[in-house]
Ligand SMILES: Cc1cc2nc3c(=O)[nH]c(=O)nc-3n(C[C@H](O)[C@H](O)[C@H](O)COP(=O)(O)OP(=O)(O)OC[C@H]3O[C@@H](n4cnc5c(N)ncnc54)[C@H](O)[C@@H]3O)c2cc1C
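Single chain ahead, by itself, as structure tokens, in the form predicted alone.
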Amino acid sequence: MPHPPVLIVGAGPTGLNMALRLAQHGVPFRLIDQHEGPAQESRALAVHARTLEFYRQLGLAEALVAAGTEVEGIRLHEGGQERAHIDIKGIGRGLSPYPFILDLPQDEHEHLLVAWLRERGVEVERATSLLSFRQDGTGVEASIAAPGGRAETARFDYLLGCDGARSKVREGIGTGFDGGTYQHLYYVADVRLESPDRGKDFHLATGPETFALRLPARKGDMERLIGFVPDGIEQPTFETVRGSAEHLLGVKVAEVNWFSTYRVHHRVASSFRRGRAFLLGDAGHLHSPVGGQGMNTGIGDAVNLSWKLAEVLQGRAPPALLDTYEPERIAFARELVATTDRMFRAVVAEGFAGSLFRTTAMPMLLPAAAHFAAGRRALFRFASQIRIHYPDSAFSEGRAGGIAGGDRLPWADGPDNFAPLTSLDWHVQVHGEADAALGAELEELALPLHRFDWSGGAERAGFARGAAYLVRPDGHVALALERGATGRLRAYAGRHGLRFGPSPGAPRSAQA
């Protein structure tokens, strides 16, 4: 039997999302993972609005929301005393159908993804690892170690490294991984408290050169504690961090169900691609824990690359489309790592300036910002990742109203203009009346048109009345056209070698 065109290495959230989307696009693949089973630990907890929008395209968002907890507030503590409360309930209302942060442990998240893949007839090949690979202009030859000591060599069109911080794919392409490792050792524990007051808030406690988090971990009365292991402790157990955690957070722990330690890095690979091998998720970028951005960014990588691979393999776009993956994703990764690193260092800084920031600036400025509509919108845009856009991409063109090529398609908060995104295909949106000439052009190109009545929600979102927006399969605007701009869609498709309409057949190989 011929091998499928794509090998995905790593079955964490990034690799599982890549697999789900390729399956939805009809692209065959293999998904291998060196571990015996899904993650048993849950360092990543926050699932942000943009990620839920991606899951909505697959019909999976509501099940994920039902499995998690919608966070309603953030409580700031200093020296065991609560200093401020920030109300974030519905903070993104009007900006996304998911105007909240979802709290869901990574292991539960992964189990859902594995189950959804199984429903599609896909199984993760466990205890199976990539040993090495070499590539040429027509494909990638991979050496794979299977269970029982068996080894095989298989050839693929593309290799996707979703294999984490110690990525074998990153090692194989020989790219740098600049950044550093925070000096502190972290602990993470699932606990029950003596006086449970489980709510739907995150608790952030800080002190000079230390911090701790407390947040809902699972359904029921379990809570998650995360923080620094105090200096000088060589073999940490929960008892060695109990005093620090309980003092910072102002709680008493009655029972410990799970405890582990780990280190956090802040790094970005020098490149996300070499030839036919790509890096995604932690293989390409590692983040501080500020804002819970890492896992969500990796899922965004998978969404960005999956539809491009499908278009190329199915003969609807030239391989040049794949050239847009690295510039679109690496710029955001670099910005995010730098931003979260600065924020994290400010939170744990020692000395007078650090103390002033924790005891005065954070408790005063963050609640004040969250009190005003503009501040709430800014906070949500940062955390939710709906602000990600690709203005410099070779495939981003035009502007109409407040929307430019490369922008995430705004949510109109009225007519469900996100419903067409479930097709995972190109389409054109018009809010208001569409020109007859546009209709003829779309028919010629076999591009579906989704027209919505003009509304206040569309105006607030930045749409121009009667303008046409060519939307990519990942929900970003490729081309924005003012009303009456005829012929530009045809020219755009010709310039980029795009073919719209039904897929011409089964996935096939493509020259890179």
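Note that the structure is predicted; figures quoted are calculated from it, not measured. We number the residues from 1 along the sequence you see.
Missing here is the form predicted in complex with the ligand; even so, the following discussion is about that form.
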item: Close approach of D33 to the ligand in the predicted bound form, 4.5 Å, heavy atom; value: yes
item: 4.5 angstroms heavy atom contact with the ligand in the predicted bound form for P363; value: no
item: V188: touches the ligand in the predicted bound form, heavy atom cutoff 4.5 angstroms; value: yes
item: Contact label in the predicted bound form: L64 to the ligand, heavy atom within 4.5 Å; value: no
item: Which of 111 to 119, 238 to 246, 396 to 404, 126 to 134 lines the interface with the ligand in the predicted bound form (heavy atom within 4.5 Å); value: 126 to 134
item: Heavy atom within 4.5 Å of the ligand in the predicted bound form - the one residue of L45, A458, V477, A467 that qualifies; value: L45
item: The unique member of Q314, Q106, T324, T210 whose heavy atoms fall within 4.5 Å of the ligand in the predicted bound form; value: Q106
item: Heavy atom within 4.5 Å of the ligand in the predicted bound form - qualifying residues of 159 to 188; value: C162, D163, G164, K168, V188
